[in-house]
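Here you get one chain, nothing else, as structure tokens; it is the form predicted alone.
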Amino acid sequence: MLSARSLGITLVLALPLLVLLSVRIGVTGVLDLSQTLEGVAAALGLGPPLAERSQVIVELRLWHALTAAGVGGALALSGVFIQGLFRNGLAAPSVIGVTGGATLGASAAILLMSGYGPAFLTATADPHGPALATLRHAGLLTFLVPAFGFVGAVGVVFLVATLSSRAGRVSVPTLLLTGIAVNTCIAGVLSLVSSLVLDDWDVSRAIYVWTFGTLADRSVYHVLTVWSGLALAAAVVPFVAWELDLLAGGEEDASSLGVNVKKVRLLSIGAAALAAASAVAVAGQIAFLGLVVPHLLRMLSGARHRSLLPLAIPGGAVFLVGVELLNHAFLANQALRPGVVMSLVGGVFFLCLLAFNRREVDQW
């Protein structure tokens, strides 16, 4: 097992290398290393740009990689918060419906700013007008999507926590079953919405993208959005890391040691929801990353939240950037959407966790 410091240094050093590889290698070909470095420097305002087409390619790949890094870090951090708060390694943003709630909120913002609004409920919206409305309000939409996503994520967390707890104690089977039920309801609502706006290609495609996740055509705005939300969520870490370690022994024991359980719960839920909503706002729903990465980090460096929470950011970033790099390097133009890839990987990982923890599951 590695020390937290050694693992953190390794991840922090690996991340920029993977980002450079992602910029250098893409579906349109492989760039020279010197050309890659010059293009990145120009994108960051540190040098003259390359020839027009080459500079555009470099910038598209750079924003894609940096967005992937932010999304991976945000979802991993959200997963650690949720698993620590509910004291269960099978909890995750996607499993208990946090990312689904954020996706539903983001979809509501898209519908609202696309000209549907109240008319959507009476099926009188103009099927040809919403796309124009979206373009007119594009600036406002960029703020409403993460805001609505945050509201949806927080709402789902509180709903699941309320339904799965009794007398302040969280039932793990009820937590997982409630999360599955909420995810199913959200999926049904999204399917209904998609069917009702099927004739509106722009809106239908936007909701489809948010449902299956995408990192294509990202811009500097997406990078700033996800990293800003991640930074705000990470600011909570010093106030809850030690307390989450104490909560592992139970809320009563933690309270007797001076932990303000209600404060820790609110801060952890808010940070988890903000991180997940920031990721969903720029990339849509990418399931299971918040389940897989925390487990990998625990296996490598231990379960203390004082080290696990800070490691989640570079760990999740390295994981998703690496997965995207392999996805595009091997599949090129046939590359899968990140949500699809993580569902395939995460679903198998989740089944393995259930199998390896069979004895613990039997005791629930």
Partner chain sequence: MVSLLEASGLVYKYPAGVLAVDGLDFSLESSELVVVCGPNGSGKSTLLRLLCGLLEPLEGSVSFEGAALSSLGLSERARRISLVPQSLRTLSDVTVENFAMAGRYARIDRWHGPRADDLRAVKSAMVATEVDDLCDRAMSELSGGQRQRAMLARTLASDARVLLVDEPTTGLDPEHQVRVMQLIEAQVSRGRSAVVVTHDLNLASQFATSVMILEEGRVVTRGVPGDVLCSDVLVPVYGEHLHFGTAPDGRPLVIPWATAGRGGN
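Positions refer to the first chain, counted from 1. These numbers were taken from a predicted model, which means no experiment stands behind them.
Keep in mind the form predicted in complex with the partner chain is missing from the figure; the text below concerns it.
> What is the one choice in Leu37, Val27, Ala303, Leu44 with a heavy atom within 4.5 Å of the partner chain in the model of the complex?
If I apply the 4.5 Å criterion carefully, the residue I get is Ala303.
> Only one of Trp201, Phe143, Phe239, Phe158 comes within 4.5 Å of the partner chain in the model of the complex by heavy atoms, so just point that one out.
The residue from Trp201, Phe143, Phe239, Phe158 that makes the contact is Phe239.
> At 4.5 Å between heavy atoms, only one of the stretches 244-252, 279-287, 150-158, 193-201 reaches the partner chain in the model of the complex; which one is it?
That would be 244-252.
> Tell me, yes or no, whether Gly258 is in contact with the partner chain in the model of the complex, where a contact means a heavy atom of each within 4.5 Å.
Gly258: contacts the partner chain in the model of the complex.
> Examine Arg205 and determine whether its closest non-hydrogen atom to the partner chain in the model of the complex is within 4.5 angstroms.
Result no; Arg205 lies far from the partner chain in the model of the complex.
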